[in-house]
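One chain comes next, on its own, written out as structure tokens in the form predicted on its own.
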């Protein structure tokens, strides 16, 4: 039997591939699929008391979610904040990557290292740094008051959606820089020169050549930023206040202080489904745009 397996393994490329992937597959199964399965199963149970759970199958928790206006509004707000963070991050990161890819001739890696250097520190430290910057007695308000431009501090900068968006944009900027730079750096510059020689302006060249060819990096950055920011709860908890709360904060409360595991599991499942739908829409759009370009 062992000889048969060795012969099959020697001749079969899929067997070699699966054997190489098996450690990663085992890790993914233990660390992700099993917890997701447990969470999904808990979403069909009922919290009878603070410590007792009724394990009878029911979909009432999903009905409860959509009957609670607060949870639905937090889901919509979470998606909205993530879209804004993704858009602002792309809007700020794309010009930087464009400059490095086409105008920096030497030490490009040094530029990338310097851009990502602030992200070598802890995520919590960066969040607390923004808390100091955006606070009523922070750097921005103190500077504006000392300059005589304000008589009172700006209150919307802290414990609001604005604070959450600014902090998340900064926190995930590095994850947008790398895929954008790679896609732009792979563009053959001779195509851009040919477009300019044929009479296209800089804007037309960018719109018809550079932007379409960098589309894979843009889509990758969108997915990398949007998926985790929807479920971020640290930044809204520290900087969001009541106005900047997201659905993840309620999910954390259901699994923590409220101790309503089934409703928390149902809320998390609905969030995952929402993210999956958005991801499929983006993937479908990418496929169509790629076919149109080709």
Partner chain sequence: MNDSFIQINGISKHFGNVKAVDDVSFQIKEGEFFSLLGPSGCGKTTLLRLLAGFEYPTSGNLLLDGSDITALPPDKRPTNMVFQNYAIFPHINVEKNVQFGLRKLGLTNDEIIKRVKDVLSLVKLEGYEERYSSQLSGGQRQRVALARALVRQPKVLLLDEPLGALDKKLRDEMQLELRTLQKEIGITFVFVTHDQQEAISMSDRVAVMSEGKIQQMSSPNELYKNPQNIFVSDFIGETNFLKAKTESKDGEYINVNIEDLGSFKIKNNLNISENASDVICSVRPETMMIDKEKSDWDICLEGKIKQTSYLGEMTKFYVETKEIEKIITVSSQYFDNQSFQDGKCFISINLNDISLLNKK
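Since the model is a prediction, treat every value here as computed from it, not as a measurement. Residue numbers count along the first chain shown, from 1.
Note that the form predicted together with its partner chain isn't included here; everything after this is about it.
Proximity to its partner chain in the model of the complex, taken as heavy atoms within 4.5 Å, picks out 187-195 from the listed stretches 69-77, 83-91, 152-160, 187-195. Contact with its partner chain in the model of the complex, defined as a heavy atom within 4.5 Å, holds for exactly one of 174, 209, 218, 166, namely 209. Heavy atoms of residue 145 never reach within 4.5 Å of its partner chain in the model of the complex, leaving it off the interface.
For the chain shown alone, residue 136 is not a contact residue for its partner chain in the model of the complex, no non-hydrogen atom being within 4.5 angstroms. Within 4.5 Å of any heavy atom of its partner chain in the model of the complex lies no heavy atom of residue 107.
Contact check for residue 116: no non-hydrogen atom falls within 4.5 Å of its partner chain in the model of the complex. Residues from 199-222 that approach its partner chain in the model of the complex with a non-hydrogen atom closer than or equal to 4.5 Å are 199, 200, 201, 204, 208, 209, 212, 213, in the order they occur in the chain.
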